[in-house]
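First, one chain by itself: the form predicted on its own, in structure tokens.
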């Protein structure tokens, strides 16, 4: 039976600010939100999607955004397919999520979605729609988590759990203009999309077809005020001359550990902006935001209810309980996500130093060096603090005696010349920098200078072992 939605994405967006003054901009076009008051990107076929389990599988972020706005509260379930989802995984997603309709801007996809009863095309053209947008369901939002191998995990949210950290919009004299390097079909990007809509603002969407520099130019030309991405996104962005064109009021990092080096670089680069970093995950939801421009987070956040979020540390792992957490997994991982006490184990290991907790890495990413644990992210934070290092990746290399050795791939800053910077002298200087800050077993056994590091579509460094 349909359940009360207590406000769909469309109705809550409409209440957040004047639709006539707000828009979504993509790389190939734009849509004024006010146009959706009388029309639809799905046209006359919107009505047949009522009560269905709809897979949103578009190539373009803007068409995906329109489908989500129109279908929340009408569809029973929305499954967000990221653009990098392998085609061979589609049958699993369709079966596990009970998909019976597909919305896409890719006509060729119709033949590749067996089992779906309906295929509905969407476009950037908003056409008149006679269907009354009446809220009928508390729609389930299914997000696919990124994995390096195997089938994706499908995480069940609702609009209330996704929007729990977002303050209602107000009629501000100056509308906020949001943008992000993230794709809105992933949790991080979806959070920014919802913040823009529910906060009364507009949004500039990124495109996988654009270079970082071109995207920054487009965002700057629109006058973006709030810009978000992973630390890796920002390290790459700051190397582009186009980054100087932005004049943001608010810069936020999430998705990876925000070390002190990148926070300091952003504060120097954008002195007029608030520099914040946040912790969130697809399963645990938004945990907290830190606005003091320091890495880590205050220990006072642990053990108390802050804005409806409770956190604790157990066995070194951060755990979160709130109304923002996902309910469960779909498919083969059908168990309820929270434990018996309602906490979700994030798998992120933290360490208390003084009155502050610091993230040191993922539980499943530890390198074992002669029986001693090394978190790659902890070593990377030290490497990245060297003035000639732009970004680094630490990985394990098998060793017959120690089990594994720590190896570092390092990308140097642009001002460090290829010929002059990649000699033994600089390698020695960087290793000495590490020895001054790390125990012996955590110091890299070797440094490889590389031109770039592999970055996943989520904006995170691709982890690999030798």
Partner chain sequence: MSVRSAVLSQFKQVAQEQNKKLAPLSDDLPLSESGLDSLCFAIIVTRLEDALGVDPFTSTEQTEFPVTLADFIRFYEDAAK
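Numbering follows the first chain given and starts at 1. The structure displayed is predicted, hence computed values, not measured ones.
Another form exists, predicted together with its partner chain; not displayed. Remarks below refer to it.
Peer 1: Tell me, which of 56, 405, 46, 36 has a heavy atom within 4.5 angstroms of its partner chain in the predicted complex?
Peer 2: Only one listed residue qualifies here, and that residue is 405.
Peer 1: With its partner chain left out of view, which of 431, 50, 32, 437 would have a heavy atom within 4.5 Å of it in the predicted complex?
Peer 2: Contact with its partner chain in the predicted complex is made by 431 alone.
Peer 1: Counting only non-hydrogen atoms, which stretch in 24-32, 38-46, 60-68, 437-445 is within 4.5 Å of its partner chain in the predicted complex?
Peer 2: Selected range: 437-445.
Peer 1: So in the predicted complex, does residue 399 come within 4.5 Å of its partner chain, heavy atom to heavy atom?
Peer 2: Residue-level check for residue 399: yes, a contact with its partner chain.
Peer 1: Does the 4.5 Å heavy atom contact test between residue 369 and its partner chain in the predicted complex come out positive?
Peer 2: Contact check for residue 369: yes, within 4.5 Å of its partner chain in the predicted complex.
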